[in-house]
Ligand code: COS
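Shown below, as structure tokens, is a lone chain in the form predicted alone; questions about how it binds or moves come after it.
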Amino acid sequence: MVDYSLSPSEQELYVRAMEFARKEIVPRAIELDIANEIPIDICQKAYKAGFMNLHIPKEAGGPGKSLFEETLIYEAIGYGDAGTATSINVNNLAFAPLVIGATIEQLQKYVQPLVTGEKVKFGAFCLTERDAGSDASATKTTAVKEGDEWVLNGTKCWSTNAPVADLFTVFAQTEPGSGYKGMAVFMVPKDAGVEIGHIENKIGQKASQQSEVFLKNVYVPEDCLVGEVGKGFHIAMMTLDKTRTGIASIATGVCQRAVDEATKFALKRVQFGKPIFNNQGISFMLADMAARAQNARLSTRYAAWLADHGEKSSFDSAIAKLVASDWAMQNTTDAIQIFGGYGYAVEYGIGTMFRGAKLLQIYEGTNQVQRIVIANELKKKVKTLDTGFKLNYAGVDAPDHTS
């Protein structure tokens, strides 16, 4: 029998994270959006509560949480505010390539000091460049071996939490012009000479920061190389397979928050002598919103469960990220419509949710890229099928387009 219930420890974790979001984030979401800066105080509380660095193994000082447990926490944090959730969650992205490719000794040396101290510390994931966004293999940042050191040169952009980061996970070309075959990934401490450039001024998720990262003759020791030369692209793709589930969980939280806020408003708002909830047009919108939130949750948790059980999850994590973020956008749009003019007013906070939802469709792989991933996986699946029959059109066998 399939069991969809949470274990007692999982339920306790989810409830504790939701209580944290309702107490620490929800009341400040509008304020955080206006402030346009990383809420270090909230991140510090999340760090002390055990809601950060979840995937770091216990041998390197981390909690060693499962990906499924991560989705429970970040659904709750996303319920509070997508931008704040991004700031809290991004260490999972920054350190994931290291957990995948580094040795325990490397993690203990470079990561453990950042996840075991009294104060919250941040990492930054540096893959994107101005001309290398969805096409990660077009990376132009270089890494050249000089003796027992690597010298890095290049510019990264849209690196989340970079302005406050202590460790940068940098993807670079060791053989310029070789595409994905020459990529490698490096751990680069801030004090190695990393410089921060332009900080983006975004329309939403203002409680997180993304900036340029300049690497100008930055020297790092040989043991800062993660895995092998030529494995960087593979590590990047493995990373995104896992971390896009985290984005899906944040989106699920946004989905659910939109349902809850719109339902409460519809039950209180009276027009024509009755709550607007009693109008079928409104109640059906709310029913659709609830269905989206529930399906986002199930898709996300299933993708995480697959990954935790050693199953290939590219297909399902792409689906989870795609549907959860698209539905977060749709639910917040519908919530504004249900709130009417109040939804367009800053003080009701629906606009903050709406603008925060949009970025969920873009970062960690645009939803167009997710569709490419899904389509490619479909093609692989079809090639392995033996249906025992062929489709027939007007007596003529259909052409085989799967090659």
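The structure displayed is predicted, hence computed values, not measured ones. The numbering used is simple: start at 1 and walk along the sequence shown.
There is also a form predicted together with the ligand; it is not shown, and the following applies to it.
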| query | finding |
| --- | --- |
| Interface segment, criterion being heavy atoms within 4.5 Å of the ligand in the predicted complex, picked from 312-320, 142-150, 299-307, 74-82 | 312-320 |
| Site check 87, 163 and 212: each within 4.5 Å of the ligand in the predicted complex by heavy atom | no |
| Single option in 54, 338, 60, 373 placed near the ligand in the predicted complex, where near means a heavy atom within 4.5 Å | 373 |
| Of 202, 190, 269, 181, the one that lies within 4.5 Å of the ligand in the predicted complex (heavy atoms) | 181 |
| The ligand contact at residue 167 in the predicted complex, heavy atom, 4.5 Å | no |
| Touches the ligand in the predicted complex: residue 354 (any heavy atom, 4.5 Å) | no |
| Residue 207, heavy atom within 4.5 angstroms of the ligand in the predicted complex | no |
| Non-hydrogen atom contact residue 134 with the ligand in the predicted complex at 4.5 angstroms | yes |
| Any residue of 238-269 that, in the predicted complex, places a heavy atom within 4.5 Å of the ligand | 238, 240, 241, 244 |
